[in-house]
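Just one chain is shown here, as structure tokens, and it is the form predicted alone.
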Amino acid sequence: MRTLVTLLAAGAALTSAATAQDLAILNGRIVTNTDQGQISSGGVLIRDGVIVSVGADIEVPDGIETIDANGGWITPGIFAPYTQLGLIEVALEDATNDASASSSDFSVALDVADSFNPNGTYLATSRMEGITRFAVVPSTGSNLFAGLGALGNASGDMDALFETQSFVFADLSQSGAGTAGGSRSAAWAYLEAAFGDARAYPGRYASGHGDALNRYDAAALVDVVRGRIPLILEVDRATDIRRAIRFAAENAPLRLVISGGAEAWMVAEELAASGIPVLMDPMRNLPSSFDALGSTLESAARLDQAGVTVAYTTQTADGYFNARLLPQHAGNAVTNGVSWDAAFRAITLTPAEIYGVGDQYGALAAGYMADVVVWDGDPLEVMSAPTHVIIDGEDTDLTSRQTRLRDRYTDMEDTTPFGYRD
């Protein structure tokens, strides 16, 4: 199934590329996220939605459309690794909230692609702040499995999801333990049983039932068990993370990713040795639960120093409208001991690599898809802003419902007649 989806997504990408602009972005400081490092002044050439050259002195064909960065910064687009963009418009209004399904009989098989709305208001506000790619993560309901996540772009196009059924999300934290029956022992026993069901699928279901999952959920977990897509596991407490590391070792070729990780720094050496990446919020300082008593602003730096693969989230802000704050969160990581290059990589190339698309997104190099942002200053400085956001080679619209409302009421002398008057 995933092979078919991948082929369809590739077809969609080719269609998009066919309509993409040929562009040259010139006169900017370039962050490549490659061995080229930063280029103090140069340009990026884009053709058919793909980057063809990056450097201090690129050759620009006659007649090609150009964007002058005016000495600003030219970077890869921001990749938000944990959002609910397109799933929620108003969190407290159930009719606009498709993040979870507490009353459903299904769990792993719940697919966010069936709920995602590319016209969601917050896609535009995210795009305006440099977000070009993101992962859509479901919330858990009455089961520790939340369902299948997807990868999307912030274009607002109807085919914005470019890879579906990309990972499974599950909660093995304190709240997950409560869902599973009241203790962490119950949660881990359920997870072990679910993996057993998926390994034995479909044979176990030919003449009976699974130990934990129904037939549809077991089928949806097969790609995780076989290591084709990652399992994103929500855990904060250091002992829970150690248990997760052991679970991954016992269930190879499982591709495990830790989400949350408030106390991950306490077991950083073990995480680095296991190669398990962490999605974490560098702004997480105060304990939000007994699982997160070890929260500290130095967490990102300690994980980085230990060699753990880290991508940043905005977990302390709501994930459906504040992914746009990712550059600020990365800037705060720099304030608390992370190098600028490492912090910027944690919101661009590293999340793309965690989701298996790091050879297409997150860097400025020949052959990469042209997700490029032009900034009027250092992107990790709170006063800087994008002047251009290019997705798949297309220079996108930087307006939103909020900017249109601002513009409508800024001019109080507006004499536009009411709609019902001619």
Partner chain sequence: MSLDWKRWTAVLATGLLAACSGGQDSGAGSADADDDAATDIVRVDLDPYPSTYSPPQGETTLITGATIFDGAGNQIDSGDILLENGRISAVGQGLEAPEGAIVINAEGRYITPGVIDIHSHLGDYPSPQVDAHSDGNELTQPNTSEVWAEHSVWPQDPGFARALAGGVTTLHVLPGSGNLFGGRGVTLRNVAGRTVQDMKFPGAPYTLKMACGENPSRVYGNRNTSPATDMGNMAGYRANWIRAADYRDSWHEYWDDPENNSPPTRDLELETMMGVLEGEILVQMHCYRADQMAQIIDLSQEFDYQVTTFHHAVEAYQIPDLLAEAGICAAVWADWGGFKMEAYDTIRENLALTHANGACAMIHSDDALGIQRLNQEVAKALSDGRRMGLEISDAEAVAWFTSNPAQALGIADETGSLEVGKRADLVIWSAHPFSTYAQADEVFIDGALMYDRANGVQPVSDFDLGQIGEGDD
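None of these values were measured; they are calculated from a predicted model. Residue numbers count along the first chain shown, from 1.
The form predicted together with its partner chain is left out here; the points below concern that form.
Partner contact region in the predicted complex: 378-386, out of 378-386, 23-31, 57-65, 353-361, criterion any non-hydrogen atom within 4.5 Å of its partner chain.
Shown alone here, residue 90 lies within 4.5 Å of its partner chain in the predicted complex, counting heavy atoms only. Using a 4.5 Å cutoff between non-hydrogen atoms, residue 277 does not count as a contact of its partner chain in the predicted complex. Within this chain, residue 295 lines the site of its partner chain in the predicted complex, having a heavy atom no more than 4.5 Å away. In the predicted complex, at least one heavy atom of residue 324 sits within 4.5 Å of its partner chain.
331 is the sole member of 149, 319, 152, 331 with a non-hydrogen atom lying within 4.5 angstroms of its partner chain in the predicted complex. Proximity to its partner chain in the predicted complex, defined as a heavy atom within 4.5 Å, singles out one entry of 121, 115, 251, 179, which is 121. With contact defined as any non-hydrogen atom lying within 4.5 angstroms of its partner chain in the predicted complex, the contacting residues in 246-265 are 263, 265, given in sequence order.
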